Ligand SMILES: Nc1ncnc2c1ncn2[C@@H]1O[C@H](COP(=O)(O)OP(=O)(O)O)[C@@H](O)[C@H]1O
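Okay, so here's just one chain, in structure tokens, the form predicted on its own.
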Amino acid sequence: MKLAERQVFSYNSGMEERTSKKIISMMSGTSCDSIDVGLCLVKPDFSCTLLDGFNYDYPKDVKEKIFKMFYQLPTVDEICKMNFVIGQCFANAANEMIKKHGKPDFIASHGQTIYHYPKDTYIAGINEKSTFQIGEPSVISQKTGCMTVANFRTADVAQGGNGAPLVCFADEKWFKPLNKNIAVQNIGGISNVTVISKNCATFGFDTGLGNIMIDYCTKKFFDKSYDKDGIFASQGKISQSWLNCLLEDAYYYTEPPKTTGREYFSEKYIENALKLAPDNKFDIIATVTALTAKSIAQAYERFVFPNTDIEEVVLGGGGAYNSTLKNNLQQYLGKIPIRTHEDYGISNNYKEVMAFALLAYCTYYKIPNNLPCCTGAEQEVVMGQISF
């Protein structure tokens, strides 16, 4: 394909007129452990198959800079520089996949969220609600020679939504045909749920902490980036008094639609919480792991069960690999069975990559790809901006 030919394409919305597309989709989430890269085949019926996938590690200096941006107020020049640096990292990751499989029809890039502000506050009568993902898509398109779809969240926020959770759109397309009452639970840095039911319209929200606090404490007390398989948590005892204190946070009582992130569950937040922690470091990991599980279960009790019963929970994200976390969640949910995305042919690790491939497919064909009932937007919109 010649470079100039990338700009020639048409939009349409009829399934009979759409064709399947191979899409390299890339995601770096709240945990910022790596760039997840997937080659996906999206078909006109919105089904998505993962053809190949790998995790592309940020260079050490870049990763340290990203975390510094999370925990300290970055300057404008730092944001400007890192926008292009991360764009180059994403381009490098995409080119690794291109070397293996050739050029895709186009690229989908979530980018790296560095700030998310889902609040209605005002300046001069203008709403300050906003979100910011960096990883310049023009760098990706120019360095790969592929059309790139990015900046998905902004259109939803422009319509008054929270810009999250966006994966709900894919969850509905993939799980609604099962005709079952399902809670599709993702546990990344933040945890979010999509509720798909025969009794009500699909809805979803961020339940609260996922792996952020677990990872932070594992790094602080064991110098490991995460608690692999929940090994550290399994060696500790849950401090029920500290857990109950942590669960009193106002976010857990806030009615959906709602979303959250590192801006709320920040380094300062975690360090303040640790002032009341038990002395034993294993007990700390055990308790913050229980916090993620218990906050999910309580979110169901407060906001899901009043609307519908749940026949099963489908678990995905990095948390699906934490045996202790999964066991805690099963204990708190009682008899409701927990499955993983793998049971339905969807990768636990690359589920969000697959979801953003679908979102980009819809952007290409001008198909609305948000769910206002999940994000709080005033109307459906076509999310995503295209760089050639």
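Everything numeric in this text was worked out from a predicted model, so none of it was measured. In this text, residue numbers run from 1 along the sequence as written.
Beyond what is shown, the protein has a form predicted in complex with the ligand; the following relates to that form.
Candidate site formed by 32, 189 and 211: every one of these residues places a non-hydrogen atom within 4.5 angstroms of the ligand in the predicted bound form.
This chain is displayed without the ligand, yet in the predicted bound form the stretch 227 to 235 from 227 to 235, 250 to 258, 81 to 89, 272 to 280 comes within 4.5 Å of it by heavy atoms. Of the residues given (332, 344, 321, 46), 321 alone sits with a heavy atom within 4.5 Å of the ligand in the predicted bound form. Put simply, of 136, 172, 215, 105 only one has a heavy atom within 4.5 Å of the ligand in the predicted bound form, and it is 215.
Contact between residue 317 and the ligand in the predicted bound form is found at the 4.5 Å heavy atom cutoff.
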